[in-house]
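Let's start with one chain on its own, the form predicted on its own, as structure tokens.
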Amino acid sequence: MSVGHVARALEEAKIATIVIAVKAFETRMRMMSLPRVLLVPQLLGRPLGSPFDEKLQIDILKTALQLLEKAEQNGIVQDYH
């Protein structure tokens, strides 16, 4: 829930946000009505994947930035590949 509060505060300050969340929290993320969410099929506590999996981590971050760049409205929830 704290992530949602921080995202909303940043958005109010005109700073665009995207939340990268584990797919297991999809229902909660949708209920929170966040501006932009990228859902990833990773383990709890590891939304960017396993430690040292640099290729996956970079790909997730690139996907998140693409979503941020292409989003035309708030409330977007997108699955990672």
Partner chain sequence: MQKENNPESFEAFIKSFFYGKRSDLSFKFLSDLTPEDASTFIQNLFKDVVDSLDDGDLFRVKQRMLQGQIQGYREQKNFEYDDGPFHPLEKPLSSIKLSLLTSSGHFLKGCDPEPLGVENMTQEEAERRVFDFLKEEPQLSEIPFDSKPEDLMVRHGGYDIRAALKDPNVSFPYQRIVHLKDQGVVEKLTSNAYSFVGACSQMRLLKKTLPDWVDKFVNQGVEAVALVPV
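Remember, it's a predicted structure, so these values are computed and weren't measured experimentally. Numbering follows the first chain given and starts at 1.
Another form, the form predicted together with the partner chain, is not on view; read the next lines as being about it.
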(request) Check whether H81 has any heavy atom within 4.5 Å of a heavy atom of the partner chain in the predicted complex, and answer yes or no. (result) no
(request) Classify V77 as contacting or not contacting the partner chain in the predicted complex by the rule of any non-hydrogen atom within 4.5 angstroms, answering yes or no. (result) no
(message) Need the contact residues for 4 to 25: heavy atom within 4.5 Å of the partner chain in the predicted complex, sequence order, or none if there are none.
(response) H5, V6, A7, R8, A9, L10, E11, E12, A13, K14, I15, A16, T17, I18, V19, I20, A21, K23, A24, F25
